[in-house]
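There is one chain below, alone, in structure tokens, taken in the form predicted on its own.
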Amino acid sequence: MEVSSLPISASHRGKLISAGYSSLSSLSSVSPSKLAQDLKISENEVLEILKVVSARKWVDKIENRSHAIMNGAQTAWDILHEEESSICITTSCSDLDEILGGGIRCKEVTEIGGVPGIGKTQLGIQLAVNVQIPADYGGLGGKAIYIDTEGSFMVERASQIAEACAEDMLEYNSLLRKDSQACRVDKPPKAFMDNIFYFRICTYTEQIAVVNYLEKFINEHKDIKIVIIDSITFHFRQEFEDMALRTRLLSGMALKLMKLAKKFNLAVVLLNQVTTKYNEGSFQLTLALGDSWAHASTNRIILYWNGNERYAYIDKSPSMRSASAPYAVTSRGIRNSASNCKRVKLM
């Protein structure tokens, strides 16, 4: 915005330009006394000029936001085409990938919850590794942010899963090309580990601060394609008595994560704990943080035991039907269960 377009007197405009103040940004850091000295006018006149400048900046900000919203409009066809052409992050379990439509989707927030020991952290680490699978192997070739609120991230386990992923890529390469000279994977396990950015969070205020910092961090570190919070729940269950405040803070954090997913075309995965809920005369297990939190994610996946077998169930999704699939936690990471039968759960 140029000073020449400000609604002030012509003499004041001329003095501003002559003194080198040709744009509104040039007036943002100057003090009233310094400006009065440069323009050789009274401080009262300077305060009137700065009042007009402040009002103009506010109007320009509103107009820029309006233009951004209008320019960001898409047709439903464009959105459908984007969804059909997007690449998902594989879970390394083909049965689970199948009911998810290929894996964990970018531009969406996916909540994954379940009882302790069901494999939530294992799945989180698996996704942090799998997001790095190169495009030549059907992956995104991206990087991961892992936000650990419970201290459950195991670097040795991440290394083990990364090594297994590199071996799987080598095997795939061998089958595809059938040429021993071509069977080289230029992504050793260490490279996988280098591309997982880890944040250890010890309080809910730290958690909010890191979420607020994510946009700047992602701008500085290109190719981030997944943000994992393990777990979203921990500090908000331990340190809160004011439930209204907790709901406001969680809602604000959820909105920021949704915007990040859309803006940077990345996946946000929120791992959640379970709690008990009294319903129709009995206590039932349900995901933590209450009913209002259920709207914070695009997709909701519940992990549960069926006998001695682990299952994943799609509890909520705008684009996928409710279905369940078995999976296993092995020494190599998340894999297909020995039993590969899938079933649709009727609600």
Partner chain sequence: MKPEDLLRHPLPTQTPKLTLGCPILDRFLGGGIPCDTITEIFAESGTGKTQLSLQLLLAAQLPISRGGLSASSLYLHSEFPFPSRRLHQLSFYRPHLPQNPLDRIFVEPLHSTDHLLDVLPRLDFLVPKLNIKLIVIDSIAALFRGEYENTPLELKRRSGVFFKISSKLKFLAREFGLAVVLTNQVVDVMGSSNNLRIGNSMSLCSSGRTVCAALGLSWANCVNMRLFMWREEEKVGMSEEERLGEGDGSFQRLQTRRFIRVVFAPHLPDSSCEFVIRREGILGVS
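Source: prediction; values computed, not measured. Positions refer to the first chain, counted from 1.
Below, we refer to the form predicted together with the partner chain, which is not included among the displayed structures.
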{"item": "In the predicted bound form, the one of L170, V155, A135, L245 near the partner chain [non-hydrogen atom within 4.5 angstroms]", "value": "V155"}
{"item": "The single option of L249, I218, A164, M193 touching the partner chain in the predicted bound form, heavy atom within 4.5 Å", "value": "M193"}
{"item": "One stretch from 73-81, 116-124, 255-263, 90-98 that, in the predicted bound form, holds residues within 4.5 Å of the partner chain by heavy atom", "value": "116-124"}
{"item": "V109 within 4.5 Å of the partner chain in the predicted bound form, heavy atoms", "value": "no"}
{"item": "Exercise: R300 in contact with the partner chain in the predicted bound form, heavy atom 4.5 Å", "value": "no"}
{"item": "E206, heavy atom within 4.5 angstroms of the partner chain in the predicted bound form", "value": "yes"}
{"item": "In the predicted bound form, P318 touching the partner chain (heavy atom, 4.5 Å)", "value": "no"}
{"item": "Within 196-217, the residues that have a heavy atom no more than 4.5 Å from the partner chain in the predicted bound form", "value": "I196, F197, Y198, F199, R200, I201, C202, E206, A209, V210, Y213, K216, F217"}
